[in-house]
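Next up: just one chain, as structure tokens, the form predicted on its own.
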């Protein structure tokens, strides 16, 4: 359910690079895992004999070593906008929404770290409205979030929203633009493994894997 893992998985799948998923209980601070990433976070990618950590660094490496199909635009001005939006979702959206909804509802139970804080859930439910409205505004002016072609920015956003959609925490009726955008991106072959995810104890809603909602 990690949106950062999902972003890397989407990048690999879009470029038709197969990967084997390994479940890691990172919160248990396993010494073997900490040797792979001293920060104790997922994702960690092992590829071509290298160990890589941090989703943005991994995705940039994938883009540089496997440039087709491109997930970063050709010009510096266009690339800086993609990076800005990737950071927006991985930082601002994550701290205001994902951590307050997904982590409270799912991660706490999996980690056995207490009960959900209703105050945090209410904050996340309120903040997501602002983010959906901002996405809608972007899509009023562009075909995709960062411009007229699909980029890593779209995958970063979809990684977070797909995880939240798994627990029915996205109001797709709030914006037709965002709903149409997500319908396009979830219909891509790269999204198939994401839609097949099942977390024990947390069955997805019926619409989660439905390409037409």
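A quick note: this is a predicted structure, and the numbers were derived from the prediction, not measured. Residue numbers count along the first chain shown, from 1.
Beyond what is shown, the protein has a form predicted in complex with another copy of the chain; the following relates to that form.
Peer 1: May I ask you to choose, among 172, 61, 144, 33, the residue with a heavy atom within 4.5 Å of another copy of the chain in the model of the complex?
Peer 2: None of the others qualify; the residue that does is 61.
Peer 1: Which of 185, 163, 52, 178 has a heavy atom within 4.5 Å of another copy of the chain in the model of the complex?
Peer 2: Residue within 4.5 Å of the partner: 52.
Peer 1: Hey, in the model of the complex, does residue 79 get a heavy atom within 4.5 angstroms of another copy of the chain?
Peer 2: Answer yes; at least one heavy atom of residue 79 falls within 4.5 Å of another copy of the chain in the model of the complex.
Peer 1: Can you check whether residue 148 is within 4.5 Å of another copy of the chain in the model of the complex, heavy atom basis?
Peer 2: Looking in the model of the complex, residue contacts with another copy of the chain do not include residue 148, since no heavy atom lies within 4.5 Å.
Peer 1: Does another copy of the chain come within 4.5 Å of any heavy atom of residue 168 in the model of the complex?
Peer 2: Taking the distances in the model of the complex, the answer for residue 168 is no, it never comes within 4.5 Å of another copy of the chain.
Peer 1: Taking the shortest heavy atom distance, is residue 140 within 4.5 Å of another copy of the chain in the model of the complex?
Peer 2: No, residue 140 stays farther than 4.5 Å from another copy of the chain in the model of the complex.
Peer 1: Would you confirm whether the three residues 2, 125 and 129 all fall within 4.5 Å of another copy of the chain in the model of the complex, going by non-hydrogen atoms?
Peer 2: No, because 2, 125 and 129 lack any heavy atom that approaches another copy of the chain to within 4.5 Å in the model of the complex.
Peer 1: Could you pull out the residues of 77-99 that have any heavy atom within 4.5 Å of another copy of the chain in the model of the complex?
Peer 2: Contacting residues: 77, 79, 80, 83, 84, 87, 88, 91, 92.
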